[in-house]
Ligand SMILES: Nc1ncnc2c1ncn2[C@@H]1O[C@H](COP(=O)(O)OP(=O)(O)OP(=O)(O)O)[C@@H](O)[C@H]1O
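There is one chain below, alone, in structure tokens, taken in the form predicted on its own.
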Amino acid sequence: MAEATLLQVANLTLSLKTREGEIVPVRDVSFSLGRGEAVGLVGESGSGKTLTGLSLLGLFPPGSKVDGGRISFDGEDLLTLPESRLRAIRGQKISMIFQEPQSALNPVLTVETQIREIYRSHTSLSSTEIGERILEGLRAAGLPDPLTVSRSYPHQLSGGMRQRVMIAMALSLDPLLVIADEPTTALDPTVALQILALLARIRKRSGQSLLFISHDLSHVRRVSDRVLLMYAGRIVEEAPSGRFFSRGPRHPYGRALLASRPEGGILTRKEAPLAAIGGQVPPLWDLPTGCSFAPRCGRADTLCTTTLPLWSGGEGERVFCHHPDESPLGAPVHAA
């Protein structure tokens, strides 16, 4: 477990102007992240996961604004810092692994040129020292021929190699916090598992904190100490990873996500039928009154459809639900 709190997000709320009107894609989000801890932020596409991660870097989309909250990181409130200070923190103290390395990497610059710029912006190392660090970082990211990779352009590398380059870039300055936003998107299953194993090894060796953003529960289980479940802009459950995946989530949305896993997956018993979640995620410009999940929830009653839930539970294990499910899932099937 983490020894001390590195990040504390309190009641973060963001609004965004769209063609449909103003929406609130991040609503009253609160969570913490300890030094050396890995937290998985999981939910369907459009739930607000990526925007929450970008907020930690002070990267907000055009037309958005912070309507409230606080982001305290390593003793500083990120929402009050000038842009010059945020630029110093990005990369050096907080870094991000983006889900689409093909888009995140500059197509007209070699890998070496792009990583070299990170060192030039944040350190006073000599050109020779930077070159050595680049090769060391690429090798640590699992690239067997770092010299050739460093001289390559992104389009000359496979998807898995580009993602390893992104990991090397994110870890170049040994940041305190790494945000991994869907780092296995568009990778085949074998390469995806290799990337997850790499992240786990690096974190164990360096002691860095990790915010792992994903819609894939099996991936979250592999790398996270604690799970945050997000739906329609809100975090609706927080639980230790072991409890979340063995006994099961307490929020009906989390239960439904587990039940919708393919038969034979690591999160469901083999005899359990595959179940779809009825209905659709409500649009953020037309959220229902009360609990946002109520229209899709088999446990919902009048209270759920008319009144916003309150948090129940303690620190590190809480649920945002009127009628949380306490029944165990049964004997779990462990990951290979």
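Numbers follow the displayed sequence, beginning with 1. Keep in mind it's a predicted model, so treat the numbers as computed, not measured.
One more form of this protein exists, namely the form predicted in complex with the ligand; it is left out here, but the text below deals with it.
Only one segment in the set 41 to 49, 27 to 35, 65 to 73, 286 to 294 has residues whose heavy atoms sit within 4.5 Å of the ligand in the model of the complex; it is 41 to 49. Using a 4.5 Å cutoff between non-hydrogen atoms, residue 16 counts as a contact of the ligand in the model of the complex. At least one heavy atom of residue 182 is located within 4.5 Å of the ligand in the model of the complex. Although the partner is absent here, residue 23 sits close enough that one of its heavy atoms falls within 4.5 Å of the ligand in the model of the complex.
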